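Below, in structure tokens: the form predicted on its own, a single chain.
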């Protein structure tokens, strides 16, 4: 068993492209760390550098106290699971799982013991005599996981292992992966672009953008206290609504387009740094679940919008609506200013989302009244996108 440490790790390719920039990350022994971010953010490169499949340009990778920068991949005692199963079709499940052990000349009795132990952990014992062609996608991915587990590695690496599966199988396998990782107790680094996977699997989640670490914390802290607009807009499904807003001259209200939301003394005290932005334009964030339908039972500040689309999901309704407040797009989603991406960008496509209870009746074209709890607002600097807190 081993911890993993990345200290100021940078990867620059021969063409000058910087895939990873000064990454510092600590994964404790037995911890499940999820690395998440949009396509091209450098998360797979991070995984490959840990495995030794990519050379690092600068920085240090440690397993426990040992620096492994120059250690060959085969000597790093890591096991990887990829999105492609890469199973040998002519071999049985048992033979696939035990293949790496046979290559290492492990005694047959020990191979059988480890294969059956891994199969039991994954619940695939009945399939040991089958060929991969007789298995479903989810079953094949379990076999691929078994092939990694059977090696009893110090570090477990997973590169988007569920991306080829349908939605129902992904949910099932998420639970399986979490259970297995807890049982084997090995430091695990799991790469995904799916923030739902990240939130449900990780003990902690590291959010990357353009090769740089944006925030690393528990899923709940990422959700409740995002460090910047990128994390706020990336974590959560649907994502946080981000508005360009004007903080009043007395700092006691914010104006979103033609609508004003008063701020209580408690909110002002909790976000004490707001006083530096009095009379200025900032970014205000509101989670979809913090925009319930207005009702007598739920006091708050009214916030109205023009409904464009209604998604009835049975247990909830997602209401897509527009206001006259400019909506902000975090950097990394394609927003451009003078040909270059900026941390935030107001856009005329003022599409917002609210999550309301299914008992309400709402239709496209309605002028609908939501409720805002000012204590649930998040505030960010307009220029840098950094959270305004204290």
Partner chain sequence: MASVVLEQRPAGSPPGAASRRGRRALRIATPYLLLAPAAFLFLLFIAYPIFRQFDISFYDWHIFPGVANPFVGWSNYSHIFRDPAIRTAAWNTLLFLVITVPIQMGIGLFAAAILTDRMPGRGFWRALIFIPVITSWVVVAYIFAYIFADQGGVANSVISLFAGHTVHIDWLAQTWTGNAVIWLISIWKGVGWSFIMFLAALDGVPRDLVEAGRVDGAKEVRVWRHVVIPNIRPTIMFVLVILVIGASQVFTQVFILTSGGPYGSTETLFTYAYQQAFTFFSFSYAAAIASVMAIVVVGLSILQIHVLRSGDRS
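Positions refer to the first chain, counted from 1. Only a predicted model underlies this, so the values are computations on that prediction, with no experimental measurement involved. Heads up, when I say rigid core I mean the largest set of C-alphas that superpose within 1.5 Å between the two forms.
The following text describes the form predicted together with the partner chain, which does not appear among the structures shown.
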{"property": "Distance check, residue 220 to the partner chain in the predicted bound form, heavy atom within 4.5 Å", "result": "no"}
{"property": "Contact of residue 242 with the partner chain in the predicted bound form (heavy atom, 4.5 Å)", "result": "no"}
{"property": "4.5 Å heavy atom contact, residue 90 and the partner chain in the predicted bound form", "result": "yes"}
{"property": "Residue contact check: residue 84 to the partner chain in the predicted bound form, 4.5 Å heavy atom", "result": "yes"}
{"property": "Among the candidates 212, 100, 278, 318, the residue which, in the predicted bound form, approaches the partner chain to within 4.5 Å (heavy atoms)", "result": "100"}
{"property": "Listed residue that, although the partner chain is not shown, lies within 4.5 Å of it in the predicted bound form (heavy atoms), from 362, 67, 53, 28", "result": "53"}
{"property": "Segment that reaches the partner chain in the predicted bound form - one of 269-277, 75-83, 227-235, 169-177, heavy atoms within 4.5 Å", "result": "75-83"}
{"property": "Core superposition between the shown form and the other one, C-alpha change of residue 92 at least 2 Å", "result": "yes"}
